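One chain comes next, on its own, written as structure tokens: the form predicted on its own.
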């Protein structure tokens, strides 16, 4: 039997890579089917494989959820407990910028290719009359490199996923200053299953929320940086997709 393929949104903290492999081992035992983990360095290469129907289970960025649900027929299974996707805009600790309104056209932004973070952060820049048309954006591969550009004076502001910012080393965090963070609450990563896993959908909905009550499952969750899973109803996913569409437009 050809293994199913599990992948994870490229914006998860690198420290949790091992956790997803542990989760996959646990999941295979629970479902009794072979599953292979395939991780990607960036969103573009992951999307190419999704378009070729090469993914069966994905911990998806909310921005990609729309394409997965509407174009590829994926079904929402679960979302992590107490974990929404929020963006942080930060500056170097010694920056003269104290608030968003201090920023001027032409500023240099360091960011990753994380679509929902960049979308939310650009909206938070609007009070300074800034848009994609009057800023310079430099895209790097990781949030550590976003921080590095700030510390080297190569960027005026950096866009971060809150979880990524909070997992930067203490030494790096002390040299940065948070300017603003979003408080949207309803934009979240979501575990989506493809039509090829239809037979396992109900079982997934049963076993994932129960993970946090099982000692072994709890250990797996900790390795992933998660507290637990809750069922994600399809209408909640549709609401989030509609909200993302509104933000984009």
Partner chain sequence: MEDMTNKDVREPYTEHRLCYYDGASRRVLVKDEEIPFPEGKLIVSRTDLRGIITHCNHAFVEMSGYTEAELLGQPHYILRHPDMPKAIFKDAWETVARGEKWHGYVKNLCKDGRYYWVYATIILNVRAGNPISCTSVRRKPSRTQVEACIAYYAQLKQAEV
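Numbering follows the first chain given and starts at 1. Owing to the predicted nature of the structure, the values given are computational and were not obtained by experimental measurement.
Below, we refer to the form predicted together with the partner chain, which is not included among the displayed structures.
Chemist: For a quick test of understanding: in the predicted complex, does each of 41, 113 and 206 have a heavy atom within 4.5 Å of the partner chain?
Modeler: Checked in the predicted complex: no contact with the partner chain for any of the three.
Chemist: Please identify, from 212 to 220, 53 to 61, 30 to 38, 177 to 185, the stretch that has a heavy atom within 4.5 Å of the partner chain in the predicted complex.
Modeler: So the stretch in question is 177 to 185.
Chemist: Is residue 230 a contact residue for the partner chain in the predicted complex, using a 4.5 Å heavy atom cut-off?
Modeler: No, residue 230 sits far enough from the partner chain in the predicted complex that none of its heavy atoms falls within 4.5 Å.
Chemist: When the contact criterion is heavy atoms within 4.5 Å, does residue 73 count as touching the partner chain in the predicted complex?
Modeler: Contact check for residue 73: no, nothing within 4.5 Å of the partner chain in the predicted complex.
Chemist: At the 4.5 Å heavy atom threshold, is residue 239 in contact with the partner chain in the predicted complex?
Modeler: Because a heavy atom of residue 239 falls inside 4.5 Å of the partner chain in the predicted complex, the answer is yes.
Chemist: With a 4.5 Å heavy atom cut-off, would you call residue 126 a contact of the partner chain in the predicted complex?
Modeler: Residue 126: contacts the partner chain in the predicted complex.
Chemist: Could you run down 224 to 248 and flag each residue that has a heavy atom within 4.5 Å of the partner chain in the predicted complex?
Modeler: Those in contact are 235, 238, 239, 242, 243, 245, 246, 247, 248.
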